[in-house]
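Below, in structure tokens: the form predicted alone, a single chain.
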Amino acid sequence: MAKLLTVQGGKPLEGSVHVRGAKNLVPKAMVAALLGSEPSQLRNVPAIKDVEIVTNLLQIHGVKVEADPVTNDLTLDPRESYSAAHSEIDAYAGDSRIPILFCGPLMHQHGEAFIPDLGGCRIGDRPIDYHLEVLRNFGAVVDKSPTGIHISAPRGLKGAKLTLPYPSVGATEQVLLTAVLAEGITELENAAVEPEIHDLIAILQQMGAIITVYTDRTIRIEGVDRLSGYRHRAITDRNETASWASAALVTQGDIYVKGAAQRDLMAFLNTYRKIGGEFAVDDDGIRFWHAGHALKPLVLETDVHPGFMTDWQQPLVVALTQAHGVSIVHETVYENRFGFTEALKRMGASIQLHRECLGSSPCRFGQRNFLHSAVISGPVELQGADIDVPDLRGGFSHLIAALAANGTSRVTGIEVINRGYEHFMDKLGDLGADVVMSER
């Protein structure tokens, strides 16, 4: 039965939350364990939906997955893995795009892979064409059918020279997970270099891979014959950290994020300070708070790392509705990322969307007629409203808007937020939010 979250707004969020391993790393690290000839151990694992989905997918392929009942640390043993039935893969894939990353490891282990129709947040065109082209370059044969995609490697996988048209995180992960056991040398140009990519590389290196990252977004992988297991602590989720930081700003609150790492948040912290937010870093985390003075407008463009992440944009847009003046946000990564602003406008926000690139950063779709630039005027008094969560980051943004708004909001689709935010309702309670969950 669907859930309904009733939110009484107007109360600052104050207290502390603990943020653990990155949603954009942990599921991929779990897939990497399939490449090993020995068990792996992964620490700092969050209890989120994506981890549950990948656990199920690994288990139906014969991988033994054991979670510590106290710490949730994982032990992943692939030594008895096998090819799973197509119907099982389809049943357990859920709404995640992770299954596409199983292709390389499964072909190395069993000579074939099956990928069902993929889900994920509906924030724009996220085709798997990059992935399929990458696999073809390694020598894979791709057969599409109405139920999914069958991929095989009748002659084995061999290293290749590849250039991505865009530094896609998913395609870079696909190359890494496929190239490490491919015969010969792989060279990837225009690769993604996000912190999560570097953490995945560190895991693969522990397993025995030989990977070199150059300063011009080129990654070189020398294929090896065998990989062992790994013991690794996942980096902290910088996206969840930024979300709680924005929540502190929007609600005029004060939130200490235990586990937050300054190094991976440099672009966000600079922007946070420009708007007028305050933060203090210590050995255990970062404290974020609203200092009590008027927030400042700004011009912001999302970009691939080391730029301002697209996942940080949506929660921060809510904060910009409270800034004194006009802000401009140019989204360069996902064309439908501003769909969540319709609910904000119903709550009283002054936001205008434009098809033009209101900025100078390279844009994936500037001439493709998408509403991907926003002009936000503030400050406004947000009012409670009925909201249906559209996607992970948009849903969090709606929720913090409801927490800051006057009156009552009724939020449905809240289950989507569990994909990326561990113990979400408990954390809201720890911060003093006035929220009640019920059956709709």
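Predicted model only: the values in this text are computed from it and were never measured. Note that residue numbering begins at 1 and tracks the sequence as displayed.
This protein has a second form, the form predicted in complex with a small molecule, left out of what is shown; the following refers to that one.
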{"item": "Position in contact with the small molecule when the complex is considered in the predicted complex, options F102, Y334, F288, F138, heavy atoms within 4.5 Å", "value": "Y334"}
{"item": "The small molecule: the contacting residue among R217, R364, K274, R355 in the predicted complex [heavy atom, 4.5 Å]", "value": "R364"}
{"item": "Which of 242 to 250, 151 to 159, 67 to 75, 305 to 313 lines the interface with the small molecule in the predicted complex (heavy atom within 4.5 Å)", "value": "305 to 313"}
{"item": "Partner contact for D129 in the predicted complex: the small molecule, 4.5 angstroms, heavy atom", "value": "yes"}
{"item": "4.5 angstroms heavy atom contact with the small molecule in the predicted complex for G229", "value": "no"}
{"item": "The small molecule contact in the predicted complex: V169, any heavy atom under 4.5 Å", "value": "yes"}
{"item": "4.5 Å heavy atom contact, R393 to the small molecule in the predicted complex", "value": "yes"}
{"item": "Within 4.5 Å of the small molecule in the predicted complex, all of H61, R79 and H110 (non-hydrogen atom)", "value": "no"}
